[in-house]
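Read the single chain below, which is given as structure tokens and is the form predicted alone.
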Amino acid sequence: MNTLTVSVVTPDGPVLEDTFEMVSCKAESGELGILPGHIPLVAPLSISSVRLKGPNPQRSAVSGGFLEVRPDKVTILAQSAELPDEIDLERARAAKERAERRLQAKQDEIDFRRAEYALKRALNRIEVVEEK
């Protein structure tokens, strides 16, 4: 079967580079499924999990960034990306609880948006670990 080379890169350096049969991720415009031979594409990513399918499937929690697709390669330039084994589940749950408390406090709009962003990140990290 045809494969894609997939690179997940953050400002801190590479997180993952391997070959997979399919990439599923969530762009700001909706869910994307990328197979070998896909047309070139650049899309902004939402806070979500990236699912890499193949003989050795993998998942990664990404916090925004961009997806670049070429017919034989997918590059994910993420603000942050973590593999399930790298995520501290208790820390993610604590972050979720802190964000929920901040959202309930009904502070100013900037604090609300920051808390909302933190909650989305925490929920995404928890989901990636629990679906491992």
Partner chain sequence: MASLRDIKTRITSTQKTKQITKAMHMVSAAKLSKAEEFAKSFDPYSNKIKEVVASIAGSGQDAEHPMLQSREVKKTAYFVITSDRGLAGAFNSGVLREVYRTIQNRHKSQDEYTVIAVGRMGRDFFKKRGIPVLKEITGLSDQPNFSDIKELTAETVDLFIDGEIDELVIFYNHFVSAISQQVTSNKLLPLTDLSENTSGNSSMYEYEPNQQEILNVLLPQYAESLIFGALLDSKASEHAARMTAMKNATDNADELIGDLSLQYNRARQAAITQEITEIVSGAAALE
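Residue numbers count along the first chain shown, from 1. As the structure is a computational prediction, the values presented were derived from the model and not from experiment.
Not on display, but discussed next: the form predicted together with the partner chain.
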item: The partner chain contact at Q58 in the model of the complex, heavy atom, 4.5 Å; value: no
item: Contact label in the model of the complex: E68 to the partner chain, heavy atom within 4.5 Å; value: yes
item: The partner chain contact in the model of the complex: V9, any heavy atom under 4.5 Å; value: yes
item: 4.5 Å heavy atom contact, I87 to the partner chain in the model of the complex; value: no
item: A99, A92, A78, L52 - the one with a heavy atom within 4.5 Å of the partner chain in the model of the complex; value: A78
item: Interface residue in the model of the complex among L103, A43, L35, L83, criterion: non-hydrogen atom within 4.5 angstroms of the partner chain; value: A43
